[in-house]
Each structure stands twice: as C-alpha cells, then as structure tokens.
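In the block that follows, a single chain appears as structure tokens, in the form predicted alone.
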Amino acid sequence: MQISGLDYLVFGVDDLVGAQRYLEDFGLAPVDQDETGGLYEALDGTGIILRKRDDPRLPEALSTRSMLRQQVLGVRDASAIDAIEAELAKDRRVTRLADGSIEFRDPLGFNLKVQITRRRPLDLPAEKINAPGAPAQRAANEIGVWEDMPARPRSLSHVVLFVPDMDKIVAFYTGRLGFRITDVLTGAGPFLRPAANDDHHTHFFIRTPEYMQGCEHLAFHMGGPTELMVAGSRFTRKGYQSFWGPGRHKFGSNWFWYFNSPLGCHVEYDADMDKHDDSWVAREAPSGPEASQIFLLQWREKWAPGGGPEGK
C-alpha cells in the first residue's frame, strides 16, 4: 500500500471566519474560497480544508465534539488506489468517487479518503548553519536571519488522534494500509509512517476514553528551527495562545511549537524530523515529560540587558 502521506485534513468548524483568519495568520494560503470555506495550502499544496460544521458536503461527524471530518491520504498512482480498494472491500464499504478517489471508514469511525496525491514537489533550500570544525554552509557576508525573512509552512506533516481502541486502529493501519511503527510511547501509543514516506511519523495515536475520540493536533513542517521560531514568534505577537513549546521532541527529533486553535485541536509548527527506512527498529519509552521532549523553552517578548525593568 504505497501511501505517501497526508494531502489534506478536512474540518467542519463552528467559527468559520475565525478559523479562516487563524489559518491565514498561521501562514497557509487561501485557495478556491467562497462563503462556505475552502482550502488553505502549505507551499507544497497540502493543507487544511475548512467548511462550516453543518455543510452537507462533509462526511458524517464522529459522535464526539471532534471537528475533524476526514483525512485525505495521497498515493502515487491509480494502481495504489485499486490495491487499497480491493483490500478494504473485503470487510467494509468503500465508495469510489467520480475523480477516481475512494472513501471509507476505519474501525473506529474516522473517515478517510485516498487520492492520487496533489502534493507538489518543492525545490527550496534548507536552513544553513555554520559550525566550528565543519565547512561553512553560509558564505562570507551571507546573513542567517533578518527581520522580514520568509517563514511559511512547507508541508502538512502529521496528525495525532485520540483513540479509544488502540489494538483495532493499529492493526488496521499496519495490517490493511501498510503503515510501519517507528516508535512507541508506552501508555500513550505508537508513531507510524506510511510505506512511501520516510518521515518519522505522519500519524500518532493516543489512547483515550471513547468520549474524547478525535484530533489532538496537526502539524506543518517548516524549513528549519529558525523558521519555526520566527513563525511562532510572529503568530504569538498576533495574539494567538501558545500551548506547548517551543522545544524539541525526543522521538522524531523534531522541533515543535503548538498553539490553541478554533479547529477543536492544537496546531503545530515542526521542523527537522528524523527520516527512517524499513531497517529501523522501533524504540519504546514510558509516556511522560521525560520522553516527550529533550528540552522545552519559554517564549517571551524581546528584551535587552540594562534596558530598564524588562532588561534586568
């Protein structure tokens, strides 16, 4: 099952205007907009589709308060869609749409769609660093940061789901959709990546009671830690509330900064995630603060030493 990752996440929200403003301020570009919502894109075309909660085009909602209505997974070609349809039709309804994509539900009722990926190839430089003992990555007189430097989300990275039956959902994603487990937080759940994506994870499952089922957070890749810090600082100054971070995770090694959102979940900037192939052996650690991050920082407004009360 050659799934390449998430193309889109689809939400049905209560406050459409507030959610639209939030995603634009986050750095996503509005596409195909009308009074009912539209797509908000990262640089590679992946992103978030917003609709009003009662929009009849949306898949049926979960029985919980979750606003996530669908995960849209990308594959490389039509043969991959055919293979997934043949496998899943053995025991569940699979709907073939006019554009060749398919829709179905997983064992816990999450709605999924599989399509030929809309993800556009990116040709952008990574963040450069200069370190003693290694060749300089930035040439003489090439500065590393400036006030109005670009810092836009590059790609939809991952989604984290609250799930009440871990055994069912893990068996489905690994056994039926071809995902690989990369690491496990004991007491929470596993990180998973699809077969055609080498990121540490595109999905993470957290065990919760049934009434909590839904989306805990979603994340977008940035071009590096500096872009993450710049984007997060700008977002904070616009009045959005930081939830967790900035910091750096242990499993996945990715930098992170989470924010509250009107999508009923948290939204994260991330950067510099580990890559894995099928030779990787999954690690396991008890879930908790020690396993969650290697360090955690606290953001504050700019200050300067010796500049009055704020500088002391």
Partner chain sequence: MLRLCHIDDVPKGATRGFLPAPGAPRRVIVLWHDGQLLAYADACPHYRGGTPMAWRTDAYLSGDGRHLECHAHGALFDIASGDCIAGPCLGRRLTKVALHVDEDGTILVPDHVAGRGGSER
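Keep in mind it's a predicted model, so treat the numbers as computed, not measured. Numbering follows the first chain given and starts at 1.
There is another form of this protein, the form predicted in complex with its partner chain, and it is not shown here; the text below is about that form.
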Problem set entry | Among the candidates 246, 262, 252, 37, the residue which, in the model of the complex, approaches its partner chain to within 4.5 Å (heavy atoms) | 262
For this session: Please run the contact check for residue 135 against its partner chain in the model of the complex: heavy atoms, 4.5 angstroms, yes or no?
Result: no
Exercise. Does residue 25 reach its partner chain in the model of the complex, with heavy atoms at most 4.5 Å apart?
Worked result: yes
Exercise. Counting only non-hydrogen atoms and a 4.5 angstroms cut-off, does residue 57 reach its partner chain in the model of the complex?
Worked result: no
Problem set entry | Contact flag, residue 288 vs its partner chain in the model of the complex, heavy atom cut 4.5 Å | no
For this session: Given its partner chain in the model of the complex, answer whether the residues 4, 96 and 175 all have a heavy atom inside 4.5 Å of it.
Result: no
Exercise. Since the chain is shown here on its own, which stretch among 125-133, 205-213, 175-183, 70-78 would lie within 4.5 Å of its partner chain in the model of the complex, judged by heavy atoms?
Worked result: 205-213
Exercise. Going by its partner chain in the model of the complex, which residues of 1-39 come within 4.5 Å of it through any heavy atom?
Worked result: 14, 15, 18, 21, 22, 25
